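Take a look at this single chain, the form predicted alone, given in structure tokens.
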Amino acid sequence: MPVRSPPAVLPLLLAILAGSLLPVQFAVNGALAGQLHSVTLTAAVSYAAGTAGLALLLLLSRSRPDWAAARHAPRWVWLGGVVGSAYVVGSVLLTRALGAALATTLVIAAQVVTAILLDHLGVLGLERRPVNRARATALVLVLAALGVRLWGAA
């Protein structure tokens, strides 16, 4: 069996940072929803603030996007914002009902299940990465962690 080299450190650190922001986003959006008394408005404000930040990054960036290429993109790629909006609304509702820890655990478990399925099928522009023993083991461990969180000691 060939020995694989470990993944590069920077992408791993960025993934850890991105993952640590998930419960922060849940808490911040939950607090905003409490102030605004509207989950939908909370998602809109969240995306507006994110859009403003991204627009600033585009203005400050040295590279220029190829706006003309957008016309040739598959139609389904434009659904990312819709999916993201549903995600924000869902995270606010989940965090209010379940708390940040359980909501985050459920979301992470669902993300892992979905990601493994998407990789296995090679859909939505992803390279096909079939389920193997390591991926199946990771999936079982994530689902076991979810089970402990749901039915274990509170």
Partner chain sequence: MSLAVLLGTLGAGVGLAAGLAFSVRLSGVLSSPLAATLVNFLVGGVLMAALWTLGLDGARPTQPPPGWMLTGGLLGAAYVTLSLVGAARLGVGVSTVAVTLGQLLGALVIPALGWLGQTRQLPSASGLISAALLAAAVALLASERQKVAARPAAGLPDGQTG
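Numbering follows the first chain given and starts at 1. These figures come from a predicted structure and were not determined experimentally. Between two forms, the rigid core is defined as the largest C-alpha subset superposing within 1.5 Å.
In what follows, reference is made to the form predicted together with the partner chain, a form of this protein that is not presented.
- Message: Given that the partner chain is not shown alongside this chain, does L121 nevertheless sit within 4.5 Å of it in the predicted complex, heavy atom to heavy atom?
- Response: L121 lies outside the contact set for the partner chain.
- Query: For 14-46: residues with a non-hydrogen atom within 4.5 angstroms of the partner chain in the predicted complex?
  - Reply: Read in sequence order, the residues that approach the partner chain (within 4.5 Å, in the predicted complex) are L14, A15, I16, L17, A18, G19, S20, L21, L22, P23, V24, Q25, A27, V28, N29, A31, L32, Q35, L36, H37, S38, V39, T40, L41, A43, A44, V45, S46.
- Message: Once the core is aligned, does L14 move its Cα by at least 2 Å between this form and the one not shown?
- Response: Comparing the forms between this form and the one not shown, which are aligned on their rigid core, L14 does shift its C-alpha by 2 Å or more.
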